[in-house]
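Shown next as structure tokens: one chain only, the form predicted alone.
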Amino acid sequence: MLSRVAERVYWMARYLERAENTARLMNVYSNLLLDLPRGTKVGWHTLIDISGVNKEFAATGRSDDERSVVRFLLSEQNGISLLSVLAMVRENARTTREIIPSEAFEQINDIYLNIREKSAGQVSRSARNLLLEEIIVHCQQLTGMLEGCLSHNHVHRFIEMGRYLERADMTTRIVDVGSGSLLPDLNLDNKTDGDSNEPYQDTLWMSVLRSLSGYQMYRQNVKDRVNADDVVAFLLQDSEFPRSVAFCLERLKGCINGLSDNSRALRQVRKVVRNTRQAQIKELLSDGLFQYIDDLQVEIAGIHDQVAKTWFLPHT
């Protein structure tokens, strides 16, 4: 298998997963603002922070109001927006269409053209939420098609590597929605001295679970009300929920095990697995989860670096 082909199917899967999870992130943030009590002031700048595109957005010189942030993340041709990411899915699929099911490329093309048409111009809040949900459903359908119709060979392994690496990273970003990066920003017009944000934490963490379609699975596994400690532990450390970081890392390890010359990549995956398992969630939440999530994202990026050095980049 040519390294350029492996790299393209890997990035096709990463961009597809990124599109779905960015749509989930935007959707949960919009719904969260509606669920919080009247008078709550949480700026849309937080969504830019969580997405990790501060420099790119700052370069536009725009204010961080809802209209500007949503347009930047949804439909602008900026290499970062949902539309741009779907265009990259389409391009990577086009250049490897001889090794993926023909129906998959046709569906990718249809998704891109459909979303491009619907996201052109102004999009109302209700229409935007419907569009985001449509993107999520389309991405899930395509992921299911690739899983069910593609031979489970090296092509499939690189697709799974891209999918689960991106999913692990994006799950940590969605956890950030309910972490200390958002809670300090809660500012209520009718808030009195001595009030805390505690009454609103359940709403925050319930929205986080729903953004990952994980609410029912959480309720089956955790026999307690929704709370920060259990939600973060579930999304980072649960070995059976497909969108938890622990599950994604185990699937990554399985994919890498099936490839040759895998020692460096496996070493990095095992390091991240160890750090995830050993995390003391209650202590991290009391001391500030933000730094831990940042460090975890750096370590996950390190897995990609090892994958690229081993199988994509030319050996020197």
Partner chain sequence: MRVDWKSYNPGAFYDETISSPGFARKHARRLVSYLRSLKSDEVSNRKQAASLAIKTMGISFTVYSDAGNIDREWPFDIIPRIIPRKEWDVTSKGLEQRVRALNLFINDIYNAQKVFKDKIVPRDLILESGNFRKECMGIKPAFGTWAHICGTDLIRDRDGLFYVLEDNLRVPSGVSYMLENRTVTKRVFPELFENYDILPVTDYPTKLYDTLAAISPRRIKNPEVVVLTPGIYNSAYFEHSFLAQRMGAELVEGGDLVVQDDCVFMRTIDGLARVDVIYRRIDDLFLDPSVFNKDSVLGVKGLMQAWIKGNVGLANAPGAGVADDKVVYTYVPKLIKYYLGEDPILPNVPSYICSDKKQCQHVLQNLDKLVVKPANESGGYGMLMGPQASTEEREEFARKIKANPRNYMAQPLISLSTAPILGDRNVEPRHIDLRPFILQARDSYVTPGGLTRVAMVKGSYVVNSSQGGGSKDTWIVDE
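From a predicted model like this one, the values you see are computed outputs, not experimental measurements. Positions refer to the first chain, counted from 1.
The protein also exists as the form predicted together with the partner chain; that form is not presented, and the subsequent description refers to it.
Just one listed stretch, out of 121-129, 224-232, 151-159, 242-250, contacts the partner chain in the model of the complex at the 4.5 Å heavy atom level, and that stretch is 151-159.
For S260, a non-hydrogen atom is located within 4.5 Å of the partner chain in the model of the complex, even though that partner is not displayed. Contact check for T95: a heavy atom falls within 4.5 Å of the partner chain in the model of the complex. The partner chain in the model of the complex is approached by F105, whose closest heavy atom lies within 4.5 angstroms of it.
Although the partner is absent here, N109 lies within 4.5 Å of the partner chain in the model of the complex, judged by heavy atoms. This chain appears without its partner; in the model of the complex, the one residue of L83, C139, I100, L209 with a heavy atom within 4.5 Å of the partner chain is I100. In the model of the complex, the partner chain lies within 4.5 angstroms of at least one heavy atom of each of the following residues of 3-25: S3, R4, A6, R8, in sequence order.
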